[in-house]
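Starting off, we have a lone chain in the form predicted on its own, written out as structure tokens.
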């Protein structure tokens, strides 16, 4: 492993940056929602305090393989997201051929663990939430994967450093828009929060979680914010320039997305599962197919 890979994994945008940034982005989400609702909202360090408090709480006693799995799922989610962040092409060097495929696989791991956690818990609320999450994941991931493949087709590569940055191909920008449309579903934000609807099924797959394991899930949620918004930031920011400017713009653009998506979440009501599926399979998939067609046309035209 070379020095750049170690910097990406442990410093930026990896471990030492991603964990504080995750709490900061969660605070931004809660603060934006509070201001939209004319509330004061939490203080800056509240997500960190909540995480520490959860680490100190005792969890309900469980035994056997189910207890081990329920502890494993959030840890695996956190580790996969940190690994995904290490692949982000924040700097125009590093990476390897096909790392975009690995990045997508790592991004999907938290959703898979989230679904498995609900079924493993044995709670009817957890199982219902897992079913909803699974169905919504299938609907949104079709658009998400088509959007990423479209961007890769425009550059004829799955190497992330090669398709980072703006492009003259319209398929690139339609693909970015498709990814943005999928982020609320992946983060379980309104109007796509059917899997963890507290008023209907408590907290869905996380109903049986408490203590440190729940704290790890909260950390995973923050890391998802960093990974998904950071991915979009690398697709739209220019590649040239000094490294410190890349870092500053990366954080700024990512946080602007947090504020935008949180504002939309606060301004919209929760969709039913059927309506969420219709949104992605009737409208968003049309955008993704249009982007793919545009990318293929431009490639063969050139």
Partner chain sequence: MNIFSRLMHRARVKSPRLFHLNTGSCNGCDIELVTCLSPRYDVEQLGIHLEGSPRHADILCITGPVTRNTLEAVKATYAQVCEPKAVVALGSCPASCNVFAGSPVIEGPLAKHIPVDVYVPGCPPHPDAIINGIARAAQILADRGVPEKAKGEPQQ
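Source: prediction; values computed, not measured. Numbering follows the first chain given and starts at 1.
Note that the form predicted in complex with its partner chain isn't included here; everything after this is about it.
For the three marked residues, 159, 167 and 242, no heavy atom of any sits within 4.5 Å of its partner chain in the model of the complex. The single contact residue among 114, 225, 192, 209, judged by any heavy atom lying within 4.5 Å of its partner chain in the model of the complex, is 209. Between the options 67, 253, 55, 247, the residue in contact with its partner chain in the model of the complex by a heavy atom within 4.5 angstroms is 55. The partner is not drawn, yet in the model of the complex one stretch among 253-261, 266-274, 45-53, 232-240 has residues with heavy atoms inside 4.5 Å of its partner chain: 45-53. Among residues of the shown chain, residue 38 is one whose heavy atoms approach its partner chain to within 4.5 Å in the model of the complex. For residue 153, no non-hydrogen atom is located within 4.5 Å of its partner chain in the model of the complex, even though that partner is not displayed. In the model of the complex, its partner chain sits within 4.5 Å of a heavy atom of residue 203. A residue is said to contact a partner when one of its heavy atoms sits within 4.5 Å of a partner heavy atom; residue 218 meets this definition for its partner chain in the model of the complex.
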